[in-house]
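Single chain ahead, written as structure tokens, the form predicted alone.
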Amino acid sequence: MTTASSPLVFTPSANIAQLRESATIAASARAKALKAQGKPIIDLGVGEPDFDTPLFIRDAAKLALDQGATRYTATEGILPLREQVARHANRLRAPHLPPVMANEVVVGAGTKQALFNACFALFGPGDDVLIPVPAWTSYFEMVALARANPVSVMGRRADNLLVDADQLAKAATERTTGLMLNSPCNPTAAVYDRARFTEILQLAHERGWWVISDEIYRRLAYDFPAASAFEVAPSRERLVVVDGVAKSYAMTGWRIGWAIAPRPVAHAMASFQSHTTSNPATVSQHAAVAALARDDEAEPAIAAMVTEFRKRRDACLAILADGNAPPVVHPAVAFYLFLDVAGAADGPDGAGMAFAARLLEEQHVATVGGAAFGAPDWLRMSTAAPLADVTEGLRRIIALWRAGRAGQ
């Protein structure tokens, strides 16, 4: 019997017994805690744009509130939003693919929910799901929560840590039913070119695998346009494309993402969502309609943000090219640098986690260790911060890396 003075003994259910806290969220929480203590933390761990949501989107939300957008909506999202999602998808769609219809769109409380809904609807016990690594930390947990088996497929250094169709084919088993694909990639900021993307999707089509294509960073490309699966897939039959407004429109806190799937899959995901969160926030949905519908205002805002991110990326590459510095995956998109810190620190979870811990405590720079992404010797640094903070944080990373290497 538990008394008022005795501690609670909690044994988690088998559903979450193996669940790990999100490393990116944990790193952000630690940085905020140190800031609250008065420490001068440079936070390069967070994965969200450091820009305000464009004014026209915020004004649309205010207008929607004034007009009564405060009640429940359809679980799968309001029709105007699903129509706008379909319109944007159809802009990309190859001619041989059938048009995306609004009833194939399910809007959720962020892209993370859309990804989880898809995993839970498509995968189950006994299924192997291939995950190219490095990969966003939540993919592994989502697949595991669906009681399927996440199978890591490590990318090659010579290919910016990306995989190819041959590697996926060799990693597959008779139990393989799915592939979690992320291009552009978090954490590496690398992008699959159209040829490789096409080959991977063709393999999945031939093997009958489900593909969940996470394209949340697609609009934030520098070197060449990042392809969508809608442009290169041979079929939409077993394809789920996930996206949202968080990154491209600087709307992380609005929590609007979506999945586009074949109608039976979309129906299953909406049914599942009806028993978990129901509809995403009504006012956020109306704000997202404005973001997607008003191209003449959205496109300049996106372009300005990409220009600033490119400026920071280029400044970082100049620093890294000037002498003794850790190797980096070429960042072609978004706001990440993925750095190889092998040999500069040591710990049970790899060099990356140990290095990130030292960096935060000694240099007051917050980053995320690579073990969270399946790459223990690497470190993810965000450039979603003012240029002065980004460059100063990188210089501190390089200094600690040099000191760590010298001490080996």
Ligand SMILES: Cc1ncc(COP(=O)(O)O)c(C=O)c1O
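Residue numbers here begin at 1 and follow the sequence given. For clarity, every value in this text was computed on a predicted model and none was experimentally measured.
Just so you know, the form predicted together with the named molecule exists too; it's not on screen, but the next bit is about it.
Q: Considering non-hydrogen atoms and a 4.5 Å limit, which listed residue (Arg312, Lys112, Arg219, Arg236) is close to the named molecule in the model of the complex?
A: The option sitting close enough to the partner is Lys112.
Q: From the list Thr177, Gln285, Ser248, Asn186, which entry has a heavy atom within 4.5 Å of the named molecule in the model of the complex?
A: Only one option qualifies, and that one is Asn186.
Q: In the model of the complex, which of 116 to 124, 300 to 308, 134 to 142, 286 to 294 comes within 4.5 Å of the named molecule (heavy atoms)?
A: Result of the contact check: 134 to 142.
Q: Does the named molecule come within 4.5 Å of any heavy atom of Asn182 in the model of the complex?
A: Asn182 belongs to the contact set for the named molecule.
Q: Please run the contact check for Asp214 against the named molecule in the model of the complex: heavy atoms, 4.5 angstroms, yes or no?
A: Asp214: yes, in contact with the named molecule in the model of the complex.
Q: Is there a heavy atom of Arg255 no more than 4.5 Å from a heavy atom of the named molecule in the model of the complex?
A: Yes, contact at 4.5 Å.
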